[in-house]
Each structure stands twice: as C-alpha cells, then as structure tokens.
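Given as structure tokens, the chain that follows is alone and in the form predicted on its own.
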C-alpha cells in the first residue's frame, strides 16, 4: 500500500520513541514544530509516488514479490532501475533540498547483497529472512534510517580494543529468541521521524571484532533506544523561506540492551562480510548523493538566474554572468553525468541486485563533495550582496520602514519588488545561513569523506590496465624516439619494419 505524505505523518503516531531535542523530551514527533520540516520533506517522497505524473518514476514493481513499492524501497535489478532511482532522487530534492528517504533504499540494497553472499558461503537462511522483512517494509510503505556510523571512540583502535565498548554497537547477549545489542550510532539521517532503523557495521572487522559485526532492524520506539536529535532546518525563523518548510534532522542513537528478535537480524558475527556490506552500501549511497546534490544544484541555478534578472542584468547578454552560469551548470551536470555513467555501467551482483559502477559513483561523489562550495560561491557572485544584507521579514509590515524598503527591493521594472525580495531571502537561506553550512558539510562528509571516496577510487580503478597499455606500446616500439624503428616481425607491422629506400637523384 502506497501512503500519502499525510498518511506517513499520521503513521508516526503509532510509535512512541524516546527522543530528546534541545534538552527536552519530545512528546509527539508528528506534532513537534522543530521537526516539522523534516517530516514534510520525507512526506514529499510519499506524495510524489501518489502523483500520476511521477508514478512511472516513483513506483516500481518488486521482482521478488510482484508487488508495487515506493521507488525508495525497491531493489535495483538493472541499469534502468538505477537511472530511475537517480532521477527520482533529483526530482524530490528539487522540491525539498534533501529527500532523506533514499537512504532506506541504499541500505536495503546493500543488505540484500550481503545476506545473499553470506548464505552462499554458509548455506544459511539470512537472505530469506531479509526478503520477508523487505516485503513487510514495502507493504507498509515504511521509512528506514541507516544507522551505520558508530561513535568510534579512539579511532586508532579497532572496536574490540576500545576501553568503552559502547563506542561501537555490538552484541551483548545471544538468546534463543534473538540478540541484545548496545552501543552508539552517530549522524543518523532523519532519525526521530523514521519508522525503523537499519543497524549496520560501520567499518571492516577482524575476527576479534565479531560481536561488533551486527546488522539488524530496530523499531524507532524499541525499549532501550534513545534518540538525541536537533531541529530539522530552521523552523520558526521568518527569514527561513525554504528551510522553515523543508529540512533534515540528524540524530545520535543510543542502544542500551535493546532486544532484537531473530527475524530482524541479518548479520550476527559474520565479521568476514562486514567490509562487503559497507562497500556495497557506500556505492549505492554515493550514487544517490549525486542525484540529491544535483537537485539542490537545480535550485541554485534557478534562483541565481532569477536574482540576476531581478537586479536588471541579462545573463545571456552579459559575458561575465553567462560564464558564471555555465560554470555552475557545468559543475552540477558534470557530477550528475558520473551518476548516469555509474547507472549505465551497472555491475550485476550475484544476488541479482544491480550495483552502481563504483568508480563513476565515487568520482561523482568526490566532485560534489568539494564543488558544493564552488556552487554556493558562484550563486553569490551571480546574486550580489543583497541576499545577506536585506533586513528581516519583520520590517515588511513596519509602517515606519516598509515603504522606504520598497525602493530597495525594486530592481527591474517588470519584476515585482516582493519577488526580488523573496528570491533574495531564498538564496540567503540556502547559501548564506546555518542551513547553507549544513548543506556544505553534509555534502563533504555525508556518504563518506573525500578521503574515503578517494580510497575507493584508487582501490577500484584498473591501474594495472593502464600500465599494460603503455607496456604494450613500449614493447611494440611505438614509444621510440623519432627516426628509430623496429625490424622485429609483429612488433610494429605484421611483416616487420624495413627502412624505406632512399630516392635516387633525379627520380
């Protein structure tokens, strides 16, 4: 059953999570004003699926069940699926800035692959257990949080070496009916308004770390789970013309002897497969990040052009502005093209899941991670300083100042003054506020830092093939200095090379 955004919000009332925000216990996540922009943003992922215009993109048929599911809960089976996912993420992020729910899909696909791999080696039933869970999630149209990043403690030490075992989520007890886990997961996107959390290992493991190699599903209101969160966006701020409506919260999730029944456990000590799960998730998620920041980039492009025109400038006729616009377009479409390439060159996993090609996914993520700052800088260049200098909304209705400020807002005659004012506030909100800083930082580190993506690129890139290319040229004598050749058959020409005869005088 596909829910609407309103039904999603209402579904949150079925849960009674322990959530702390700004030092106080939240009584109702669905009714908390400081979380409303996050609930609204995720709600749009439901609304888009119910909209007949977007249904072909936002709704997919699950191959393992034949049932329809929201795109963000679907297991990708082909390049077409990955392209649809990429476009779906971009589409929703054009509306809300960050859709958040695509993390559900990224985690589900990675766990799908990992459980299949474990069962192929052990002959177990983890994959069938996960399939049953997947079908329930799709049928109930749930939103799942990806709880991967651990508190980590002393980062120079492995999980089992930590003086505080709670720095990593781990298995404290194994029972006939399930496991008991404890520890802390940090930076969980949308944590307070998720239905359930998918707990996953956050690093590669050695045998001594086996208790830390745990993957399971936990309801957000499970006994012993505490979520410590922050407001989503800038709710309640009059100048937050965008982030007052749509935003993203993150949460620290503390597990204190949380019981998980076996039917919701997908890895419990299989430390050899932790790194595979992490790398699979990273590939799926970095692919999604490309679509997300492209959607955000679309907002920058549109708003910057509107602001330039409201200022009375013709971007098409002004060389400097045109070059800035093209530079911004080049950045956004450049990293999005990596996502398209990653989709097109998808790798078929043994499980039947289509995994984004890792090199292109990581190159795209690396580009957006560092170029988000350039995107904002160019938007500032195109817009001018008014986006941070204009007085706040309270002055719009101040009898002593409103008329005077109307002259400030007025630019191009045919563009209403209030339009220029609203676009300026919109740009200020997404490029020059604490929300803008959040977008920059989450782009840099969300889904893996530049160092992590660089490592994956180097690890996955076929460097040996490039060396072989040059070695082949050297062996064939094609890199010899000008005038030198080879007379060895097969080295340059099939029949060997012979120096041409000199022309006779007078010939």
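Quantities reported herein were computed from a predicted structural model and do not represent experimental measurements. Positions refer to the first chain, counted from 1.
The form predicted together with a small molecule exists for this protein as well; it is not shown, and the discussion that follows is about that form.
Asks: Quick one: from 110, 147, 215, 290, grab the residue that has a heavy atom within 4.5 Å of the small molecule in the model of the complex.
Replies: After the contact test, the surviving option is 147.
Asks: Just one of 73, 86, 188, 424 has a heavy atom within 4.5 Å of the small molecule in the model of the complex. Which one?
Replies: The option sitting close enough to the partner is 188.
Asks: Just checking whether residue 442 would be counted as a contact of the small molecule in the model of the complex - the rule being heavy atoms within 4.5 angstroms.
Replies: Flag for residue 442 set to yes.
Asks: If you check in the model of the complex, is residue 245 within 4.5 Å of the small molecule, heavy atoms only?
Replies: Flag for residue 245 set to no.
Asks: Looking at the partner-bound form in the model of the complex, is residue 165 within 4.5 Å of the small molecule by any heavy atom?
Replies: The answer is no: residue 165 has no heavy atom within 4.5 Å of the small molecule.
Asks: Can you tell me if residue 103 lies within 4.5 angstroms of the small molecule in the model of the complex, counting non-hydrogen atoms only?
Replies: Within the cut-off, so yes.
Asks: For the interface check, one of 448 to 456, 463 to 471, 38 to 46, 56 to 64 should have non-hydrogen atoms within 4.5 Å of the small molecule in the model of the complex; which one?
Replies: Within 4.5 Å of the partner lies stretch 448 to 456.
Asks: In the model of the complex, does each residue in the set 13, 15 and 234 place a non-hydrogen atom within 4.5 angstroms of the small molecule?
Replies: Judged in the model of the complex, none of 13, 15 and 234 sits within 4.5 Å of the small molecule.
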